[in-house]
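The data below hold one chain only, encoded as structure tokens and taken in the form predicted on its own.
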Amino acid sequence: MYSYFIRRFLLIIPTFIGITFLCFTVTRFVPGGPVEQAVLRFQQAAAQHGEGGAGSSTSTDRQGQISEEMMQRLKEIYGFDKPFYIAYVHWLWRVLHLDLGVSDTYSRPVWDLIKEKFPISIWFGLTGFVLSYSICIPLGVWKAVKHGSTFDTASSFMVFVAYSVPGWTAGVILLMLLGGGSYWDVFPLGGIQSTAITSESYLAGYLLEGSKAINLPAEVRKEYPDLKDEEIINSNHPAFAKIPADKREKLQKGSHSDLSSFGRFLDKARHMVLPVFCYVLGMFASMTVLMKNSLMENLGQDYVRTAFAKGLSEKTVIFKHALRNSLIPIATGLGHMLSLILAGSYLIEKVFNIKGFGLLGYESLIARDYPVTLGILVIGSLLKLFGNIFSDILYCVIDPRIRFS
């Protein structure tokens, strides 16, 4: 078995090279790349300069032309001056040294952008993952036990209705109904936290004490030169303790950072309800039906009939014998879900304006920001490859009969 997993880990290397080489080659030949966009921006700037009265249309045309030297310089800047296979080797060498390059759009290291978005996608993805498995496994077991009953029929109807509605479509509908658009103002329209909290908000009661920075003693102000006179600091700020007691007051408005710990928790929880519901909806039907069918198949096996013949109770047979073997198909999804937890769903993040990992990849692809796109590809492909091995390991843990020898 150990030799099997060693081979699987070694196969990650050629598989990873194949995935990245194919995608890297596509970025070198697809039209509308960063060089073409840079040329387009230059031509638009030249056209606007001409329209402002700098010269005639003839001079504008001359200004819009790109010299060979400038074109070559642009190719060097964006790494298009070498053949694609040589450029790929250089890119792969940097990746092996944990250098994913610099974003063409944000002019920041790709690693910094990814590290900012990872916690957001992990928070939403992990919450949706835990809730979906916590709901779908018990529901699938109960449907298998009550197969053919009214409960099974009614829940099957709900399951297939949920299966027919994509998560991002459900998000649009929920925002229209509950986001304060045409009907009820129950949940925020998007984001992960409130940017403005007014005195009418239900969160106003959780606002902290605060005061203007001008009320700080002069010697303390020198320690925080970035603070402006009219800037409000709350009790979480290290300098707040130096403000005189008569200058402190409970804030009437503020933002997420001005809330107490419990207030911040309520604020984030309220922003999470609709996105997490859409995450769960996408896995709800398939996981429930898979769990039900797997358990029903095992309940018809000889070892189950033997257990009943020995006089074991139904509860013991189902949960001690049949359920463990029924979890084998579910284990397949656990490894694959690893990439979804971290990468997120770019469609759901787009609908709810969640600045996560998935939305970063989508926007980078649209903007032809290839360093970010390839950096996300590196992480996503590695997660997928390791997730497949993780699924095989779970097979061995759940069912001792399975051996990869």
Partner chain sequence: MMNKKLIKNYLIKLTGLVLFYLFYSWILPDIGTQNTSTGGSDPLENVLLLGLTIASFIWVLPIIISGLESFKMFFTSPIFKRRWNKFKTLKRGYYAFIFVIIIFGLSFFSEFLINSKAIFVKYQGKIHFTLFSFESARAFGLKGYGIPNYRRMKEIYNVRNQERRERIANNQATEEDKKYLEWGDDWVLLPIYPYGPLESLLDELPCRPPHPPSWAESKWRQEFFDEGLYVLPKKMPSKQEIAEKYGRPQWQDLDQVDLYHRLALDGLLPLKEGVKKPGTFQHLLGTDDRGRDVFARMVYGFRTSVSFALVVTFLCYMIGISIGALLGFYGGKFDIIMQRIVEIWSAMPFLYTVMIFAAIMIPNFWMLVIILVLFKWMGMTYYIRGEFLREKSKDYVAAARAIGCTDGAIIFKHILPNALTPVISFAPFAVVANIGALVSLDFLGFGLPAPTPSWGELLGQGLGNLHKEWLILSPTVAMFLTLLLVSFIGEAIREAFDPKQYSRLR
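Residue numbers count along the first chain shown, from 1. No experiment lies behind these values; they were computed from the predicted model shown.
What comes next is about the form predicted in complex with its partner chain, which is not displayed.
Heavy atoms within 4.5 Å of its partner chain in the model of the complex map, among the stretches 253 to 261, 72 to 80, 85 to 93, 306 to 314, onto 306 to 314 alone.
Using a 4.5 Å heavy atom cutoff, L11, G300 and Y346 all lie near its partner chain in the model of the complex. Only one of Y202, F265, F157, F151 comes within 4.5 Å of its partner chain in the model of the complex through a heavy atom, and that residue is F157. A single residue from the set A196, A269, I173, V186 has any heavy atom within 4.5 angstroms of its partner chain in the model of the complex; that residue is I173. Remark: L385 counts among the residues lining its partner chain in the model of the complex, judged by a heavy atom distance of 4.5 Å or less. In the model of the complex, its partner chain stays beyond 4.5 Å of every heavy atom belonging to L40. Using a 4.5 angstroms limit between non-hydrogen atoms, T105 is distant from its partner chain in the model of the complex.
Although the partner is absent from this view, P34 stays clear of its partner chain in the model of the complex, with no non-hydrogen atom inside 4.5 angstroms. Although its partner chain is not shown here, in the model of the complex the stretch 356 to 386 places heavy atoms of G361, Y362, S364, L365, I366, R368, Y370, T373, I376, L377, G380, S381, K384, L385 within 4.5 Å of it, in sequence order.
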